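Only one chain comes next, encoded as structure tokens, the form predicted alone.
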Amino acid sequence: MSQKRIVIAGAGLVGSLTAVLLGRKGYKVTVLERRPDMRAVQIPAGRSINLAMSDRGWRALEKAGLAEEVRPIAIPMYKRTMHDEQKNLTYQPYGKDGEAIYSVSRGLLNKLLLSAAERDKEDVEILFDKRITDVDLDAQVLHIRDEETGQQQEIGYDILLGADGAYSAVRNRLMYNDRFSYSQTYIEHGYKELHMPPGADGKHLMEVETLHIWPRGEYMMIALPNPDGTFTCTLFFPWEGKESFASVQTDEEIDALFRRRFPDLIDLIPDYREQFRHNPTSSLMYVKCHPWNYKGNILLLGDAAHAIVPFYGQGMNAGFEDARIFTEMLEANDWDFEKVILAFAEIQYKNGHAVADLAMRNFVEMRDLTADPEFLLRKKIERKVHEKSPSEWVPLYSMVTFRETGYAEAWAEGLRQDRIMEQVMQLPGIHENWDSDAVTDLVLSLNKTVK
């Protein structure tokens, strides 16, 4: 194995996991992180958005030999629990046969991955407080500034992996190249996190193994469980409008919003007014770009290549899948980095674009449709068809969450399934006969003919 100077920009989730995967193959890896070591500093409250680990993420962790270390900090969520304005609950399973997504703390997971990467210091070195200020593409040199001392330095590389997040310095440099396509879209919603404490007995105040959703049409609240008995609640709310961060600011306005829209949270989050006023409000955006590479020596991974909104719970999973597929392609091609970087970038960018579209689609589903009886009926029909013929009909959510189907393929198949179900939902008497064999057979028949 020829030794290469491999530099990874970013010690977040994807950068750390990639360092583990390459370091365990004997490669010398230097990771540059502009922030301090998160294991030694206090993580600011209110900016985490708990992660939803699905099968793609677990497969990547298994490849790195870390899945069993992560499981103790992961809580399974087998279904959605929808809360209406009268405090009534409805439920929607995520999959079948015990399939679940898992609530994981971003901070705890990142710390675990950092420590795993550093176990063999002969292979992986992580340098914190190092900001990349420029990339000399021709000389293959990074210009670095130490964030503590201000000292400037240069680091050479043979391979540069840009895993430095949505505001990637590596991607920013590539944007100045000819024929590099890039778009960055901020959505009209921001988010604010609220902390639900445990009960007096230290246990969770709501059902644990479920993702809680308060769908309210133009916005929503979600809550994911933590191992310490708390819930991390996240309000996705418009920046402006009649009900928005701009119009809800005083205690009276906050109180009116919660009493009208989230009445069951008032007793569960006693200091909701104070948290709403003082917790930070953050923006949401997604990125599409192409190509993800520069020649055969620079490759973008994770959010640097395809930052997305969090509504499908696929941001981390897609980034972890990048790291796994990249490593598997290297293994299959005798660790020919140049060949694999070119091939990976050309194959995967379509999946990156697709997962961004899927995430925006799921936002509409979660905030609007999970409270819609027609949508819930459609999901029951699809579930019944899947149970009868699991190989012929796989719902879009299952393809994305519990399968290895590429995001682009899943997105195209999901649109085709939409066309089928639109016909099915127009059948006379569908509300009374939805679970009949005739309806199931019709779906399967259309599945063979609708393109």
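Numbering starts at 1 and runs along the sequence shown. Keep in mind it's a predicted model, so treat the numbers as computed, not measured.
Keep in mind that the form predicted in complex with another copy of the chain is missing from the display, and what follows is about it.
At least one heavy atom of Asn172 is located within 4.5 Å of another copy of the chain in the model of the complex.
At a distance threshold of 4.5 angstroms between non-hydrogen atoms, Phe180 is in contact with another copy of the chain in the model of the complex.
In the model of the complex, none of the heavy atoms of Tyr94 sits within 4.5 Å of a heavy atom of another copy of the chain. Contact check for Thr185: a non-hydrogen atom falls within 4.5 Å of another copy of the chain in the model of the complex. Site residues Trp335, Thr405 and Trp411 are none of them in contact with another copy of the chain in the model of the complex, judged by any heavy atom within 4.5 Å. Here is the short version: of Tyr78, Phe258, Trp239, Phe375, the single residue with a heavy atom within 4.5 Å of another copy of the chain in the model of the complex is Trp239. Checking Ser283, Thr250, Thr133, Gln152 for any heavy atom within 4.5 Å of another copy of the chain in the model of the complex turns up a single hit: Ser283. Heavy atoms within 4.5 Å of another copy of the chain in the model of the complex are found in exactly one of 185-193, 339-347, 222-230, 138-146, that being 185-193.
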